[in-house]
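In the block that follows, a single chain appears as structure tokens, in the form predicted on its own.
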Amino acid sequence: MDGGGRASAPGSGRPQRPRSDEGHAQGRLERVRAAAAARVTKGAARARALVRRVEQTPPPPGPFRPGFWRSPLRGPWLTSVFGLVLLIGISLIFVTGMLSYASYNPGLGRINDQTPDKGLLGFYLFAWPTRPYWLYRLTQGVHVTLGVVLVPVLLAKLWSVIPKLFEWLPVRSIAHGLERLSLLMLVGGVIFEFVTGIINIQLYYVFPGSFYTLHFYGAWVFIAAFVVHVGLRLRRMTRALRSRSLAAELRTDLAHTRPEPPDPDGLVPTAPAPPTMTRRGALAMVGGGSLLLFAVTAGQSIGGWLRSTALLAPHNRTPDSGPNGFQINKTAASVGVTPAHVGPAWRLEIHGPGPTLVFTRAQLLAMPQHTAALPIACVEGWSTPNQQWSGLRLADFAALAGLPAAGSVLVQSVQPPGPYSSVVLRGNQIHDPRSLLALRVNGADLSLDHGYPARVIVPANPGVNNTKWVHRLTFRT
């Protein structure tokens, strides 16, 4: 040993420090681990105790208590009947809504589609066709009319599942919380889409932003929740529909109306009240409401004698008599177009790779005229009967501009800058022989509200894209 009492390494004349006690360190690590595990176990026990106390908390009075909902009609079968109708109807509304989006040819640029930050949601699958000429009138008429007709079914479905909205506890686990979140997105989304759509149909523009943008993003939020909900509930819905016979329910009178068997979702009341209506009566009431809404709405799209019954449609009546006496979406005054904009100084400019061409209206009327029988159909679901338009073909203007095979044309109006004051039309729309720069309608000059001195009319085109008060056409490759 050296003078300090430390051991020296064998064979060396130098002092050596003692090695660390590995066993002691390992024991200390085990004690730390054990202490940590004890803390975790203690925390988990406290959490379980807290959950048990919360679960034992009685629900507040009112709709959160199971005995509050007592209708003997409520149950999985009736809910599934309404759900099946909505599954078919909403799927069709979504498809026709996507077709409506495609009809604007959003791929032609921001002028046609001003939806901000749309990203992948702004996809489209094909160029919008011009045949059949009534295509947009059909798709948008179905979209709007079906949306209105489904309102009673939607309300009945929400009534049938309302106990789920007041379920206690609101969130019992992470999985249950996610399910509740998807339900909130589903219910909130469908109410938002139906309400904003109906307000837009009524031309009641009270939106904090563009209806188009709000409805577009709202549709995607709703349809995402809808797809998740259908994926989770489709099997249950199928089983519920098979549990009872529709024909038997339609024959069941009030005296024999019974609650459905208890279900795991808690739709069937624990203490049902005596029935005051049969399920047949409930279905008839909802179906009758839908038929009534069809009768007071569909005429704006279908036309004919049904137009007189479309009492809820702002465009149900012909606004005036005479050649220009058909429906108008935006009047000249409402968008800031005055007679001064379209007076004797008005000129039509044709732009292309060659020199700019300028025409007066008299010069345009002196050129060979063509006719086309086409309706106007608008996003709000209304449409006009076929009108007899006359004017010059867009294809002829493309040839004059030096681009007989033009791929697109920018149509610009004298209307002050704003939504739909200009539009880009695709090549197939230019080259359809019925696509006109119309100067007259039904044998008379266009009225100011219908686009005097010249407007575009294109088969199957949304009404707002049939630009009025045109003063410039710019053809592109």
Partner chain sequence: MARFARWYGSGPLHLLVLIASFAVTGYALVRLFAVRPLEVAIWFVGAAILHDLILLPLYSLADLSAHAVLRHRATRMPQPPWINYLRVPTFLSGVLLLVWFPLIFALPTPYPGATGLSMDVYLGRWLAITAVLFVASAVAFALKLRRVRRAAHADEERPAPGHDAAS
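Numbering follows the first chain given and starts at 1. Keep in mind it's a predicted model, so treat the numbers as computed, not measured.
Beyond the structure shown, there is the form predicted in complex with the partner chain, which is absent from this document and is the topic of what follows.
S.K.: Tell me which stretch of 264 to 272, 102 to 110, 166 to 174, 135 to 143 has a heavy atom within 4.5 angstroms of the partner chain in the predicted bound form.
M.R.: Going by heavy atoms within 4.5 Å, the stretch is 166 to 174.
S.K.: Would you classify Ala255 as touching the partner chain in the predicted bound form, given a 4.5 Å non-hydrogen atom cut-off?
M.R.: Answer no; every heavy atom of Ala255 is more than 4.5 Å from the partner chain in the predicted bound form.
S.K.: I'd like to check something about Glu179: if you look in the predicted bound form, is any of its heavy atoms closer than or equal to 4.5 Å to a heavy atom of the partner chain?
M.R.: Result yes; Glu179 sits at the interface with the partner chain in the predicted bound form.
S.K.: Taking heavy atoms and a 4.5 Å cut-off, does Met237 contact the partner chain in the predicted bound form?
M.R.: Although the partner chain is absent here, Met237 would stay clear of it in the predicted bound form, with no heavy atoms inside 4.5 Å.
S.K.: Taking 4.5 angstroms as the cut-off for heavy atoms, does Gly119 touch the partner chain in the predicted bound form?
M.R.: Contact check for Gly119: yes, within 4.5 Å of the partner chain in the predicted bound form.
S.K.: Does the partner chain come within 4.5 Å of a heavy atom in each of Gly209, Trp220 and Ala224 in the predicted bound form?
M.R.: Yes.
S.K.: Let me know the one among Ala395, Leu293, Val379, Ile302 whose heavy atoms come within 4.5 Å of the partner chain in the predicted bound form, would you?
M.R.: That would be Leu293.
S.K.: Which residue among Ile191, Leu246, Leu365, Ile88 has a heavy atom within 4.5 angstroms of the partner chain in the predicted bound form?
M.R.: By the 4.5 Å criterion, the partner-contacting residue is Ile191.
S.K.: Looking at the partner chain in the predicted bound form, which residues in 256 to 290 have at least one heavy atom within 4.5 Å of it?
M.R.: The stretch touches the partner through Thr276, Met277, Met285, Val286, Gly288, Gly289.
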